[in-house]
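Coming up is one lone chain in structure tokens, specifically the form predicted on its own.
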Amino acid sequence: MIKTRFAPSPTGYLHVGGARTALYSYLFARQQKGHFVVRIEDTDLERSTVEFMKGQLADLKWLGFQYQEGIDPDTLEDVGPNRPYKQSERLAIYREYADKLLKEGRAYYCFLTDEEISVQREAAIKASRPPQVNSPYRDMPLAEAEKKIAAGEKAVVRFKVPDLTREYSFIDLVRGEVKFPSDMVGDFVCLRSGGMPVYNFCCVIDDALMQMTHVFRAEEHLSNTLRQMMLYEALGFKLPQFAHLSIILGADKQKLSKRHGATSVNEYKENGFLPEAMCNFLALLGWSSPKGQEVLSMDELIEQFSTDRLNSAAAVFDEVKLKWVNAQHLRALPHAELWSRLAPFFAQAGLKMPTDADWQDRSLSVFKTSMETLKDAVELYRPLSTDALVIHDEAKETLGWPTSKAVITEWKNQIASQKEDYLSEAQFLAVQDAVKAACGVKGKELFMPIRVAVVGKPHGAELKILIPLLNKKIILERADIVLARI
């Protein structure tokens, strides 16, 4: 059975690059009717936090990734046969495999201090040699090393890179054949002196024991592959198929970072982007639809995804394109669904919106084509909030004009004479013409006082759009508030 995984480190928020890695892993597993696993690589105890882990799992849930094994995003409990899924709870497993390598002579205890290692590396660099560690403890008998440890000395466990120079190669699903000469690396650490495993060691063991068949990961992990291949071989594990994904750049062609703006999934969620749009956009950063589609649902992504369409060239994170993709998904939502997604943004902004479903439907027909994100709706709908009108400072000049009081008074009278609770656009235009005739004004002396009486400021959205969505009672109340200020 096909198995893929996503293994974030809970040392920060879920980056969009990590989300893309998770997405490709998820799509491939689903497309192949396999399993997708989420485990947590939290061996960096100083930087890892439960809050970051919760946030990352919540982001994966928001994106719509359903997994068969891993840590439940709601309960944080392990789910699946290969528990535990946090590396910090698997230390005994790593110790067992380190001991296996030690007993077989494929690893050794190294007692070199940090200072001694630094001296070695500086000398190697000066001599134009690779800065590899040359440990005098490489051939020390295990029993002798264990006596030193029993006496209180500190040691790391180093993998003994085979002396025989050979070539390691594998077929990368993105890059084709990749070759490494074995002397590219020197003896490397598997366990630190405190017993904590390093990334390459625990990653290999977890992937093997959890039966991973395919590993999707970022391009920067390519340099780890040689060490991991050596460990797979030494431990007798089957090598999975690797797919090293292209790097993601900002618009300036530099590696995507916070200087480019939002980079975490949560930031995009808070800024009003839809999860289905994020998945759609991220999928296109290094992959293309065989049908040439730009807008795809999750089901379409699963159906069409294949590794042969992954591109090794760097992908550019184009936020303009992301907004366009988001707008397509947003406008395709049924109005009831779209309104339910807008509601939290209205609440956060303190807006009070009508609860009538017909009104909501009518308003979305007017405004949704002006939205690229859910957050865009806040300012579009602000004039329609049913709470008391706020008169802005910029309205003072307009309200000071000699004809403004008469215009607003006539506006109120004309509105009060209407029979319906909501005016049509044609009725609004007729009322406006009636005010114009009765007061003998035109241009800004007509439009601006009426706009202040409706939205509290002389500039803003067109009234012919707003008035049909404002209840007559609210329009009259707002007119009274403004007249009381003149």
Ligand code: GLU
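Remember, predicted model here, so these are calculated numbers, not experimental data. A residue's number is simply how far along the shown sequence it sits, counting from 1.
Although not depicted, the form predicted in complex with the ligand is the subject of the following passage.
- This chain is displayed alone, yet in the predicted complex one of 237, 170, 137, 199 has a heavy atom within 4.5 Å of the ligand; that residue is 199.
- Proximity to the ligand in the predicted complex, defined as a heavy atom within 4.5 Å, singles out one entry of 325, 282, 203, 342, which is 203.
- Only one listed stretch (294 to 302, 213 to 221, 73 to 81, 371 to 379) carries heavy atoms within 4.5 Å of the ligand in the predicted complex, and that stretch is 213 to 221.
- Contact annotation for residue 9: at least one heavy atom lies within 4.5 Å of the ligand in the predicted complex.
- In the predicted complex, none of the heavy atoms of residue 445 sits within 4.5 Å of a heavy atom of the ligand.
- Among heavy atoms of residue 425, none comes within 4.5 Å of the ligand in the predicted complex.
- The ligand in the predicted complex comes within 4.5 Å of a heavy atom belonging to residue 41.
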